[in-house]
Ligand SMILES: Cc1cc2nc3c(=O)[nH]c(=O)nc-3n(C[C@H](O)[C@H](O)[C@H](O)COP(=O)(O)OP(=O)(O)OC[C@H]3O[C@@H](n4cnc5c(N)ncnc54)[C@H](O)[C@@H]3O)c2cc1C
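One chain is shown next in structure tokens, namely the form predicted alone.
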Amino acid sequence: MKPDFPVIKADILIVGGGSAGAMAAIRAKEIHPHQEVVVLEKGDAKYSGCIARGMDALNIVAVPGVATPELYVESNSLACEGIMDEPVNYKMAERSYELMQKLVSWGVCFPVDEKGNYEILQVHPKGRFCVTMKEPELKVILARRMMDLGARVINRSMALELIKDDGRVCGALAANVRTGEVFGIQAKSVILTAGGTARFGLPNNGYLYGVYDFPGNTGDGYCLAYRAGAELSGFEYTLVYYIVKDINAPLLYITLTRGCHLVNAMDERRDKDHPSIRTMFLEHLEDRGPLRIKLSHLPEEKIREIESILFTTERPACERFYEGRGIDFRSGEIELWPTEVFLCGGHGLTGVRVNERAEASVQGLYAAGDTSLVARGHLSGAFVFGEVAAENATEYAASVPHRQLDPQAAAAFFDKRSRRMGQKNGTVTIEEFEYKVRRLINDYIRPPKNEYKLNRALWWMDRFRRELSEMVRVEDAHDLFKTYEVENIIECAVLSATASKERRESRWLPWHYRSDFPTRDDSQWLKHIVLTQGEPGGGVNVTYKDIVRMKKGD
């Protein structure tokens, strides 16, 4: 029987209403106010994504007279240990200052001194690019502007499948995460901005949603692109951060730049070394952790400044957390531990491969933010490539007609959905199942890695795929929606284990440390490992791509 579902028409569909998605919607409406722009957001776009409230810095800005895009490319290539496409990162840095000034014009606060100079920190190997920001309402500003310009935001909705016609993406199937209602979107172009895979490994406290980034980020953008035939890369870059224990909240650079003392378990000072997440994590693995932040020696006004940033701009929930733990910054200390493992384009090198036009390898498909591979682009990369994607998706949308959503693809989707909704007698709850999936991701994919562990990861993920359709109980729309998320987590684990197994060296220590190949090998592995979907039942296709360099004269 032909499935019946409502269909929305759009010129541009944006999947994800976080930083990159909101900026893409804004830019699309700025350059073509009459085009239909639809944004699908899993949560509520007012407070969603990795900056649910505000931010204390714009990580990468080439401020004229202070730094240049060329220096940024050189610096970030060092941080990426050579695995970085230069034109993409140059484009981001080249547009970063203009983007920052646009934010200023919208009322976003970048503090200046009495001479009108911005505070610019050095957190990269070379050059000063990190401009401090003090804007607790950043996400609200973006969301309000996006909606005031006329973008149609559909909250509490998850994109489930991209639809193609004659080789190009022409829309998607989506569902309301609360009611389960399915609807389609006919779109001339699609921009994926659905974040990374924050909900990947299991936090040490066992809480499924206590992750570093937005817990709704379950690799949806990666998996949508993968199933549509797009190229992905960087899935061996398995991030583990070293931040506040049990809440996984930022604190290090907020406090280090304001004079905190950082000590290890032996009470040895480490703040003078200006440690990175990597060096702190390595020290922890060498049994000198946990490290702790101490602020008791600071003057009251400095402590209040830190509290203001943390409790209003960064994550207001932190205030309740510290109160619950009985921690007062004036007398106590803050313990740091490693986070769960996760995948992220902005903080790492994982994502949909894009060029400097934000184009993926499939016609009509674009990506930005943590979904895209703009190596270590952070918030600047999300904003700039949100704009870049919107500009080029708008141009493409103006050149093509709408296509009907393929009825066979829709029928296959509804058939699978019907079978899954029939699993009311399953013996395992979706929460129990997700817990086990993510616990074993921690066991076998979290660094350090080796061939045996990665093979076991692939074995377990193959088993989990079967069990998801055979054993998991699906009682309502909420359970159904969770099965789609866990399915994506499993897919990302397969991609990560496959790429990690392929890269037979150690690089970006400790995030891709192979105990069976403990050294870096530029002669063999200074290249991208690219993943694409194989034939049904054929697994993941693995190819190599050269690093893209800047052309002489650029």
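Numbering starts at 1 and follows the sequence shown. If you're wondering where the values come from, they're calculated on a predicted model, not measured in any experiment.
Another form, the form predicted together with the named molecule, is not on view; read the next lines as being about it.
Would the named molecule in the predicted complex be within 4.5 angstroms of a non-hydrogen atom of every residue among G21, S48 and T193? All of them do, each having a heavy atom within 4.5 Å of the partner.
Tell me, which of G289, G216, P338, G426 has a heavy atom within 4.5 angstroms of the named molecule in the predicted complex? Answer to the contact question: G216.
Find the only residue in E70, D56, E505, E30 having a heavy atom within 4.5 Å of the named molecule in the predicted complex. Looking at the other structure, the residue within range turns out to be D56.
Contact stretch among 451 to 459, 407 to 415, 362 to 370, 229 to 237 - heavy atom within 4.5 Å of the named molecule in the predicted complex: In the other structure, the partner sits against 362 to 370.
With a cut-off of 4.5 Å between heavy atoms, is Y396 one of the residues that contacts the named molecule in the predicted complex? It does not: once the named molecule is placed as it appears in the predicted complex, Y396 has no heavy atom within 4.5 Å of it.
Would you check, heavy atoms only and a 4.5 Å threshold, whether P250 touches the named molecule in the predicted complex? Looking in the predicted complex, residue contacts with the named molecule include P250, since a heavy atom lies within 4.5 Å.
The named molecule contact in the predicted complex: V15, any heavy atom under 4.5 Å: Within the cut-off, so yes.
The named molecule contact at G351 in the predicted complex, heavy atom, 4.5 Å: Although the named molecule is absent here, G351 would stay clear of it in the predicted complex, with no heavy atoms inside 4.5 Å.
Looking at the named molecule in the predicted complex, which residues in 151 to 188 have at least one heavy atom within 4.5 Å of it? Contacts from 151 to 188: S157, M158, A159.
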